[in-house]
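Only one chain is included here, represented as structure tokens and corresponding to the form predicted alone.
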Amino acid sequence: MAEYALKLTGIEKTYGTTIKTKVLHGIDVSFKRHSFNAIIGQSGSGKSTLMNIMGTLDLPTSGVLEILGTKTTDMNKKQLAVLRNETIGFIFQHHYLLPEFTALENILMPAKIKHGRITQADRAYALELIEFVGLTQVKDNPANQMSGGQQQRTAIARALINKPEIILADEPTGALDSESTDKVYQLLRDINTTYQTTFLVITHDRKVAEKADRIIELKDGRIELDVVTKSS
């Protein structure tokens, strides 16, 4: 089994043809399985571009990305989509829930897309996740009848429903107040511990980042700082 959840070697990204803008400059970094990592940096540092490449939502201009030991370099769009759906869950700043569907229905949506239907196992796991994230009392509420914190916890459970090895979280607490931020962050840590899910959290909030096991800071598309705060 692969030691690393993600391994990036010489990753570069350039946008444009006539006028070229280089966003990432030879990124070399690896993330161990089951670890909890924070990636920080100012706006324009390349954080979101790096996340999109790690999540196979965008392709590097050059370099090699390995996901759980599998090189993605020569994969086509269909193969990348399969790998992404099987191994990676995404959490964004905005929850992107379907407002007319309940919390439970939103959580089950990726499973329905993956299997073409909702299995008994899917439903049982969704209910387990709902209890884990503390949404049992509102599981049948439409998404637009939940608080911001409840909506984000629903989005977190949705990201977990297909049991991904890796979670990429882009500013997951950016739209929340400080109390909800603390609760959601603690939930992410609990998931990391309980389900052994590898986390990469993109954030501008240093207070959040400082609670991670490892902090990587990007500046102008390069790794400026890489600090392990806890053995992982």
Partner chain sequence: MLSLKIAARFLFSSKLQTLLIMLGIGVGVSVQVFIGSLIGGLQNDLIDSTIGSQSHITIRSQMRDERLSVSPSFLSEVEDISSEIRAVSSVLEGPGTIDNDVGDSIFIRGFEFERANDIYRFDEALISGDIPEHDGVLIGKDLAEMLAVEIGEQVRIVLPQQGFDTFTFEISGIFDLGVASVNETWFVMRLETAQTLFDTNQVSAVEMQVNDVFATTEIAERLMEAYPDLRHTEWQASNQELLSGLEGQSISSLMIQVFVMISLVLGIASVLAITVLQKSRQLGILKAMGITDFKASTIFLAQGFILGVFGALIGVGLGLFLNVAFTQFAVNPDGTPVVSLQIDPAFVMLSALVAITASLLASIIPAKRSAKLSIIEVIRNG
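Numbering follows the first chain given and starts at 1. Between two forms, the rigid core is the largest collection of C-alphas that superpose within 1.5 Å. What you are looking at is a predicted structure, and each value in this text was computed from that prediction instead of being measured.
Just so it is clear, the following notes concern the form predicted in complex with its partner chain, a form of the same protein that is not shown.
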Does its partner chain come within 4.5 Å of a heavy atom in each of Arg84, Phe101 and Glu105 in the predicted complex? yes
Could you tell me which one of Ser180, Thr70, Asn52, Ser30 places a heavy atom within 4.5 Å of its partner chain in the predicted complex? Asn52
Heavy atom within 4.5 Å of its partner chain in the predicted complex, from candidates Asp205, Asp58, Glu66, Asp190, belongs to Asp58
Determine whether any heavy atom of Ile113 comes within 4.5 Å of a heavy atom of its partner chain in the predicted complex, and answer yes or no. yes
Its partner chain contact in the predicted complex: Leu127, any heavy atom under 4.5 Å: no
Contact with its partner chain in the predicted complex for Phe90, defined as at least one heavy atom pair within 4.5 Å: yes or no? yes
Please determine whether Arg153 contacts its partner chain in the predicted complex, using a 4.5 Å cut-off between heavy atoms. no
Partner contacts for 181-209, taking its partner chain in the predicted complex and a 4.5 Å heavy atom cut-off: none
Could you check whether the CA atom of Asn144 moves 2 Å or more between this form and the one not shown, using the rigid core for the fit? yes
Given a superposition on the rigid core, I'd like a yes or no on whether Thr87 shifts its C-alpha by 2 Å or more between this form and the one not shown. no
